[in-house]
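Shown next as structure tokens: one chain only, the form predicted on its own.
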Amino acid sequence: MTAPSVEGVALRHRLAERGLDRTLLLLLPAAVFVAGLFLYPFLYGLQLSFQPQDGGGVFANYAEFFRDGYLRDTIATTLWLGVPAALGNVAASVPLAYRMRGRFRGKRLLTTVLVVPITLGTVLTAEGLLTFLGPTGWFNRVLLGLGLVDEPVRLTHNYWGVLFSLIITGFPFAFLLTLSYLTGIDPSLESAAATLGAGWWQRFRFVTFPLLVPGLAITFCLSFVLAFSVFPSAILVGEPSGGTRVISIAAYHAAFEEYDYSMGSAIAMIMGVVELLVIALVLGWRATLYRGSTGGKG
């Protein structure tokens, strides 16, 4: 072996000891993809947000957002939609996933039915809500026919319409994630508790649930991000200029109706910061509850 080749082998060994080897090059295409599709647009939008269209300093857009009550209130409106939707999806997914983690007849069919909303899309879901829960939908026709109400119950083009849409479209993701976390927990732990006389509720409360909490926190975060970015539902089955004027609508209005791309970018940055704050709070809460292993896939 020649001297250059010996030096090359030695260099590769030194790099491998530091975690740098040829297999690391396999990450290069993914890194380029992330940088081109996510990192560059983010950095471009960030610097654009500091270039206000009407001048006034680098923080003029942010100051205007928090000074304008109509814009500032979109944060609370979006949180009031995103947090309950995420909590509802997580809460509904736990008992279903807990029951379906074992084997039983019809499990595949039931799972398929529960995740079908993934294939519907937001527009089709909104159309279905308008058809079934609208003023002339079957739900109101039944209530009116039975004499339970004197006028149609308003469940669309308001807060409830958007919330229903977020739950329908977000539940399959929460359910699949919760099911994956539950199946990653060793069932022998519950069996051991059962041999000590623990009932099903005690097994779930003191064995399964503590191991599931880290996974539920991640599920909530992903569900919340999905719900917080609501846009089509807030327009199709909500009240975009009133009670469901979420922050994404404000960003769209600034960028594509007023053609103030700098302000639109600033609103998008604020939207991202709010999401990160909520996620940080949830993950901080997660760390205080449980510091061990999640028991499997968590």
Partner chain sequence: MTRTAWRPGTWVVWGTVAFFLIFVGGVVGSVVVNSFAVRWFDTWLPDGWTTRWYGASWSDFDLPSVLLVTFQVSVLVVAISLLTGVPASYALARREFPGKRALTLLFLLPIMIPPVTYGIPLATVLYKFHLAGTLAGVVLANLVPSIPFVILVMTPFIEQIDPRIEAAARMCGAPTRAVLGRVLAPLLVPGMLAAGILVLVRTVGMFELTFLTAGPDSETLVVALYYSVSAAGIRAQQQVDAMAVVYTMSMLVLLVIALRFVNPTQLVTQIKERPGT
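Keep in mind the model is a prediction, meaning the values are calculated, not measured. Residue numbers count along the first chain shown, from 1. For clarity, a rigid core is taken as the largest C-alpha set superposing within 1.5 Å between two forms.
The discussion below concerns the form predicted together with the partner chain, not included here.
No residue in the set 68, 70 and 284 has a non-hydrogen atom no more than 4.5 Å from the partner chain in the predicted bound form. With the partner omitted here, the residue from 75, 100, 213, 83 that has a non-hydrogen atom within 4.5 angstroms of the partner chain in the predicted bound form is 100. Residue 59 falls outside the set of residues with a heavy atom inside 4.5 Å of the partner chain in the predicted bound form. Residue 154 falls outside the set of residues with a heavy atom inside 4.5 Å of the partner chain in the predicted bound form.
Proximity of residue 172 to the partner chain in the predicted bound form: non-hydrogen atoms within 4.5 Å are present.
At the 4.5 Å threshold, heavy atoms of residue 41 reach the partner chain in the predicted bound form. Applying a 4.5 Å heavy atom cutoff to the partner chain in the predicted bound form picks out 248, 251, 252 from 239-253, in order along the sequence. In a rigid-core overlay of the protein, residue 30 has its C-alpha displaced by at least 2 Å between this form and the one not shown.
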